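Here we start with a single chain on its own, the form predicted on its own, put down as structure tokens.
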Amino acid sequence: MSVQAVEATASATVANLGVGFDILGMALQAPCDVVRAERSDAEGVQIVAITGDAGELSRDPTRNTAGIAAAYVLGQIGAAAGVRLTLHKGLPLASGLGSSAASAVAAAVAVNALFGEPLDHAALLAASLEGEAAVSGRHADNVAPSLFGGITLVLGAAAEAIYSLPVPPNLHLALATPAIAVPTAHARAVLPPSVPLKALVHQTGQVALLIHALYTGDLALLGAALEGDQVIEPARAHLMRGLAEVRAAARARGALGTVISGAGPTLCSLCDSEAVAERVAEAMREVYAELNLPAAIRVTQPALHGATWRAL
């Protein structure tokens, strides 16, 4: 008997990892988006409900990343039946945690599973990117880690251009998401159109140092490399209220480095234990309280595995 309904879960991501603009991304254990997919006699994609978005997202499947990714999968497999989607947003919108990517990945995985998993992850990457492109542009630094898990080096939009990097086992993260939206398009609009040669040399050196730190498991070196960005962060810092204060407070409590997650405004601090991450999270909470700015604070770790699904 064929499966009539499935539920897929896709995780948040930290894109860029400071110096790796558009080429590095890391999947998180939490938060996550969840998509339920059910077979439908009607053709195409219907989005029957969205929760957790405060009513902000469109239920028009042609304007929603989950709907677009689902339709792409249906087209790839030539499905005769349609699907009904229910989307639960565990990720805050415009937060720098890959919200649109997680929805697209969860929908692609769910629809593929609903029809017996005829597509491999390479095809699901294409479907997820189709959804992501509608909101944030066709780049895979969020989609790839959410789909595949772990830390990924992204050198293109095809699966063969995605490389899995080592994840140090004692890597813990403290995240702060202040209640201000920073749309990806806005964050990209403030970037410099060109980069001086000296800055390019520095930036590529820091990316190389980061990769070396991952392979050697040197978290102190990794924290230093993360904060080595002299191109993207300086251009975006004015959009991230509290960045300097959070970085200083986090380091005082033991953080090894603090960076903007993706386009922001979420800030991510690297820690070498859960205890340190909890202390850093409390420091972040205190900073935003002093700034009178509500913020969601959480402690998590990298997700070693990608998006998952289960039959209902």
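Here the structure is a predicted model, which is why all the values come from computation and not from measurement. One rule holds for the numbers: they count along the sequence shown, beginning at 1.
The same protein also has a form predicted in complex with L-homoserine, omitted here; what follows describes it.
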property	result
Residue among Ala263, Ala250, Met26, Cys271 with a heavy atom within 4.5 Å of L-homoserine in the predicted bound form	Ala263
Among 161-169, 112-120, 238-246, 135-143, the region lying within 4.5 Å of L-homoserine in the predicted bound form by heavy atom distance	135-143
Contact flag, Thr184 vs L-homoserine in the predicted bound form, heavy atom cut 4.5 Å	yes
Touches L-homoserine in the predicted bound form: Asn16 (any heavy atom, 4.5 Å)	yes
Close approach of Arg188 to L-homoserine in the predicted bound form, 4.5 Å, heavy atom	yes
Residues within 4.5 Å of L-homoserine in the predicted bound form, restricted to 17-33 and counted by heavy atom	Phe21, Asp22
